[in-house]
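Shown below, as structure tokens, is a lone chain in the form predicted alone; questions about how it binds or moves come after it.
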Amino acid sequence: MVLKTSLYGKTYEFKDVKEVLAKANEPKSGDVFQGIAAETALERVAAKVVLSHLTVGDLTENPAIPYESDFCTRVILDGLNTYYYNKFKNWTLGDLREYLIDWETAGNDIRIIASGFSSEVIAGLAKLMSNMDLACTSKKLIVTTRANTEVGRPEILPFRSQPNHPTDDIDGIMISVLEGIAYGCGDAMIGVNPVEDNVDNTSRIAYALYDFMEKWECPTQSSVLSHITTQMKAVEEGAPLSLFFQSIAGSEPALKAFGVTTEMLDEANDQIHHMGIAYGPNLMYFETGQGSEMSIDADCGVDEMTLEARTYGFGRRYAPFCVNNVSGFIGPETIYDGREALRAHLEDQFMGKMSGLPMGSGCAYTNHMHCDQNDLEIIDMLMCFVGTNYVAGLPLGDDVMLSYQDNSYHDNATMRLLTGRKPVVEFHQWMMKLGLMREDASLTKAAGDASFFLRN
């Protein structure tokens, strides 16, 4: 395994695979902050050259965090398809990249062989790709999942309604739910981030969402984004939830800091299949974001993009219904500006779908980032055009509880018209039956008004 190369008469040598991966990454403020990023553009190019000559076997046998010391690494490597790993282990990443971006290579073929690729391999491939390479390959990768309804088909564009409230007031939450639904937002799921993480509050919100879905026969899924152990206790006491949510990460220290173990998620996955209100088979919901490990000093010296790929490698064990990155949610110490956020979202779409995950997009930014509404809209449009499984929707694009910016309900309606993609099939038929949407997914004059449901 050769870890050095020469450019313009200067030799660049790297001590291990972890350093090559970090130096080959496109600029990210989190890596700079950690002191592991390439110091010059030439050093970055040198790392990419070295990376392109490493094989699938090199990266798999030398994970960024050792197998013996990290249960996340063990989950990733133990879950690989050994047939496809052995078939491709002698391929260089440069050759594999060329194979993936070739338009003659079908997305389904990529999905099959990717089951043999470790997270470091997938991250390495992304580091060798331009933005357009990532976009073109992601668009070919189709991952469908089902809870009550099916998402992931290329002709549909679902949305998660995020009706958060700063005091968990049920009336306030439900008015936001009704407004979102009236705009056609909520067919991916209705998911509420509670302020108070306890069983009573989780149950109270769960019942409110369930009552609406039952009364109006709304075909969708519900989730309350408290800690997964809180959700488990609530469901044990009878609370109606479609999906179990949990934030996950790409290292053992970060997962432990989140209060997560493999055994806990195994138990939760089994419980929601036996006690949840959705049919399945995909009943877990994960949220991720580049830089989360670094923000809690649990990165183990690994660059934030590789850790994000490892997060996806860990998450595929549970065949989730949906996964969305919120790279940009933490702030400029991890993702500095709109350009870095755009790159991160493209990387996440590619790495997530290569890992077999149904990737959505949380096109988020915090107000202290060097980012604005135009940056967010560019990311939103690009994600929808390259085939993201869903995006979020908030009242006026402003989360008044978590204090960050995201897509609005009316942005979502516009994206359906721009892309020609429609809502989830059952949800679309339901909206047309109510007189809120037309066959082409455009909204009627009655749409966008929460009082529609109150009057009727």
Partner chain sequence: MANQKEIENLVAKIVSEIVNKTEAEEKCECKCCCDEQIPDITAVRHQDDFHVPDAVNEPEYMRMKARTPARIGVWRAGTRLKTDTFLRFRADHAVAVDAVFTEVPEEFIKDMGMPSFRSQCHSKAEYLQRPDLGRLFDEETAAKIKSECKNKPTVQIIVSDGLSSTAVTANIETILPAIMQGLKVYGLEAGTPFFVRYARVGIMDQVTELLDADVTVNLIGERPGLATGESMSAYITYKGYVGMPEAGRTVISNIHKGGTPPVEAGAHIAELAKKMLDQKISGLGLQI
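Residue numbers count along the first chain shown, from 1. These numbers come from a predicted model, not from an experiment.
Although it is not shown, the form predicted in complex with its partner chain is what the next lines describe.
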Original post:
Can you check whether Thr414 is within 4.5 Å of its partner chain in the predicted bound form, heavy atom basis?
Top reply: yes
Original post:
Would Lys445 count as a contact of its partner chain in the predicted bound form, using a 4.5 angstroms cut-off between non-hydrogen atoms?
Top reply: yes
Original post:
Would Tyr365 show up as a contact with its partner chain in the predicted bound form if we use heavy atoms at 4.5 Å?
Top reply: yes
Original post:
Applying a 4.5 Å heavy atom distance criterion, does Val2 contact its partner chain in the predicted bound form?
Top reply: no
Original post:
Can you pick the one in Gly356, Pro332, Pro240, Pro253 that has a heavy atom within 4.5 Å of its partner chain in the predicted bound form?
Top reply: Pro332
Subject >> Residue among Ala278, Met369, Ala249, Leu134 with a heavy atom within 4.5 Å of its partner chain in the predicted bound form >> reply: Met369
Original post:
Heavy atoms within 4.5 Å of its partner chain in the predicted bound form: which stretch among 402-410, 419-427, 43-51, 56-64?
Top reply: 402-410
**OP:** Let me know which residues along 439-456 have a heavy atom within 4.5 Å of its partner chain in the predicted bound form, or say none if there are none.
**Re:** Leu443, Thr444, Lys445, Ala447, Gly448, Asp449, Ala450, Ser451, Phe452, Leu454, Arg455, Asn456
